[in-house]
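To begin, one chain is listed below as structure tokens, in the form predicted on its own.
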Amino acid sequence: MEKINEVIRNISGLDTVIMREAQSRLDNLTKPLGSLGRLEELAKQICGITAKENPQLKNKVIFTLASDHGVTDEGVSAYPKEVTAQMVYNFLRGGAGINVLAAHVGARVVVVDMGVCVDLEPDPRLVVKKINYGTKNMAKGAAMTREEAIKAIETGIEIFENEYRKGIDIVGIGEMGIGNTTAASAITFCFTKKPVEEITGRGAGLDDKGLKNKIDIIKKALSLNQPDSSDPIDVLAKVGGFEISGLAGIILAAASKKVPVVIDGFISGSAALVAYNLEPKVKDYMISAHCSVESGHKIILNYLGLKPLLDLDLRLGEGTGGALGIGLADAAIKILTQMATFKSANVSEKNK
């Protein structure tokens, strides 16, 4: 926990002086007051996060973390667990949704093996940080040991810090892991206490029978493991996933370095829940990209008090929504830094 605690100690509040200056400039741009709505709010938040009057979002990175889940043995997913590894290869070949959308917004994708259940073929584009060969079946016991949960968070911190040395101005987070909506649902229950039936969705496409089974398995895992909601590490260890733990570490590390972090969908949202319950100040560094089709995601956003930028019925994961959110963040900063003021453009202001 030493590394985690060190990072948490380095997370401070937003720079309110810079935010007031940003608001003043936004109010003097050649437009009616507040007429660019959420883009103005976003620009102001990013200024507060970075503590810069004129931040530049040149270095955009999306972390896509992959891991398997033992609970897939219980038939909670419409897809076999082999798809996790197959999709990692697709990421590396550049053929996935995240590759297309990341390229669209000018972001680089960092693909990480946090716990895929097979040894993947060596590839210089793949970061291998395998904690174990997938989690254990949470319906039969804890998904991981407490030590593994801590190691996975610290690995997320390490992954971020390694890329930060190359330059990062904004981060998006995403994941790949068959069965991970089951883990995310269980985590969401632990912190929000909303009924499992309200939190749990169809994931990658379960039918009604499959959804009922998934809900029953989540309830069984929660009853068996009794995760302690006052201890986020215990929640992760009992019902979490290696990729979710790693994403929580990335969120904490980004906040400690004053880097805005764009949260993707339901799985990334569950990692945000963990990070927030470890250190509530990270909330100010989060940008919610969108509201997922997964019912539990809206519950997470309400709990965290985050307002999503988009609502496009997305449910892919991988960081795809995060990529779109990064595009809007970039647009917001360009509005702030490139638009003329009334004075500089010799445009008359509103009548007093």
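Values in this document were obtained by computation on a predicted structure and should not be read as measured data. Numbers for residues come from their place in the sequence shown, where the first is 1.
There is another form of this protein, the form predicted in complex with another copy of the chain, and it is not shown here; the text below is about that form.
The shortest heavy atom separation between residue 16 and another copy of the chain in the model of the complex exceeds 4.5 Å. In the model of the complex, residue 6 stays away from another copy of the chain, with no heavy atom inside 4.5 Å.
Another copy of the chain is not shown here, but in the model of the complex it comes within 4.5 Å of a heavy atom of residue 79. At least one heavy atom of residue 34 is located within 4.5 Å of another copy of the chain in the model of the complex.
Note on contacts: among 281, 140, 104, 108, the single residue with a heavy atom within 4.5 Å of another copy of the chain in the model of the complex is 104.
Of the candidate stretches 109-117, 86-94, 255-263, 144-152, only 86-94 has residues with heavy atoms within 4.5 Å of another copy of the chain in the model of the complex. The candidate site formed by 221, 233 and 235 is entirely out of contact with another copy of the chain in the model of the complex, as no residue has a non-hydrogen atom within 4.5 angstroms of it.
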